[in-house]
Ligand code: AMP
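Next comes just one chain, in C-alpha cells: the form predicted on its own.
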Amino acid sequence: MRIIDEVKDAKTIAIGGHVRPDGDCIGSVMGLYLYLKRVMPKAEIDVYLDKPADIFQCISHIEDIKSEFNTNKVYDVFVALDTTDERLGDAEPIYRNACKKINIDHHISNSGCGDVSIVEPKRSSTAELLYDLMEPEMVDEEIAKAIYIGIAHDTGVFRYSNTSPRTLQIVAELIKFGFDFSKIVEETFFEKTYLQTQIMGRAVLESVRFMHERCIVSMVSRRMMEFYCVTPKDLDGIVNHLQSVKGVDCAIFMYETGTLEYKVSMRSNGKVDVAAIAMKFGGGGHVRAAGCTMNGTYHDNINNLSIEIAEQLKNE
C-alpha cells in the first residue's frame, strides 16, 4: 500500500509521535510531514510533538512542530508514528477524536491502535517502513534527509542487528540526493556538549556491574541533573555507552522524573530480551533496546528488573 491512498481524501491531517521523541520518531514525523506537504499542497497538515532537541534543527521546517496542543480540534486523519496511542502524550485526545486513525510502527510491543495499523517489527525503524509507503518519485532531498536521520538513529548508525539488506538499499537511495550524510551523523548522533559529556562521565563513574558482571546499571537523580544544568534530552547516549563495556549482556540506565519515579532505558546484546522485560512494567521496544517508567526506589527498581533478567539468563 501507499500512505497517500489512506489520506488522499483528507482536508485536515495531524501527525504525531511518542513523548520524549528520539531520532527515529522525529525523522519519521518530519519525513511524513514534508512528504504530505508536497503531494497534498491544499491539505491542512499539523505536527504534534514534544519540542525536539536542538541537534535536529537540520531538518527542514522542524519549526512547524506544535508543542502546545489544540485538543478540541477534530482532524480527518491522524497518523501516529513510532508509537502506540498511549505514548502520544497530550496529543492522545486529538488522535482518539480523529475521524480516521492510522498507526505506523516497528515496535514488537505494538499490536496496532488505528483504523489502519501497519506494524512491522522486522523493520530497522519506523522511518524505513515509512519510506516504503511513499511514492519514490515524490521524495525530495529534504524528505530523504529526515528519513535518513530516522534510520541512522534507530540502527545505531547501521551497527545494530536490525540493519537489514533492505535498510542499506534504502539508505543508498537516500544519499543519492547529495546531502552531507556524514555531517548529519556526526552532529545528531555522536557530537555532545561539554555538559552532556560531564553528566555521561558521572553516570559511567558511578555505574555498578552485577549478576557476575554481565549487567551494568547507572542512575542520574533530579538533584544531579540540576547540578549539571541538564535536561532529559542531554542524557541520550548514556545507556548505549554503558552497553559498550566489554562483557556486558544488559545495560540499564535510569533517571529520576518525579518522587519515586524513574524513566528506564535498557540495551542488550541479544542475550536478554529487554522488550519483554519492559512490557512487564508497562513499557516496550525492541529485543535489544527498550524502555519503561517505573515507580519505587532506585534499588527496588533494580531488584525488580534483576529478577526478570536473571530468569532469562538462567534459561539461556
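Numbers for residues come from their place in the sequence shown, where the first is 1. Given the structure is predicted, the values throughout are model-derived calculations rather than measurements.
The form predicted in complex with the named molecule is left out here; the points below concern that form.
Checked against the named molecule in the predicted bound form, the residues 254, 290, 32, 26 give one hit for a heavy atom within 4.5 Å, which is 290.
Note on the partner interface in the predicted bound form: the residue among 153, 87, 123, 145 having a heavy atom within 4.5 angstroms of the named molecule is 87. Comment: 264-272 is the region of 65-73, 48-56, 32-40, 264-272 lying near the named molecule in the predicted bound form, near meaning a non-hydrogen atom within 4.5 Å.
Heavy atoms closer than or equal to 4.5 Å to the named molecule in the predicted bound form belong, across 3-26, to the residues 18, 22, ordered by sequence position.
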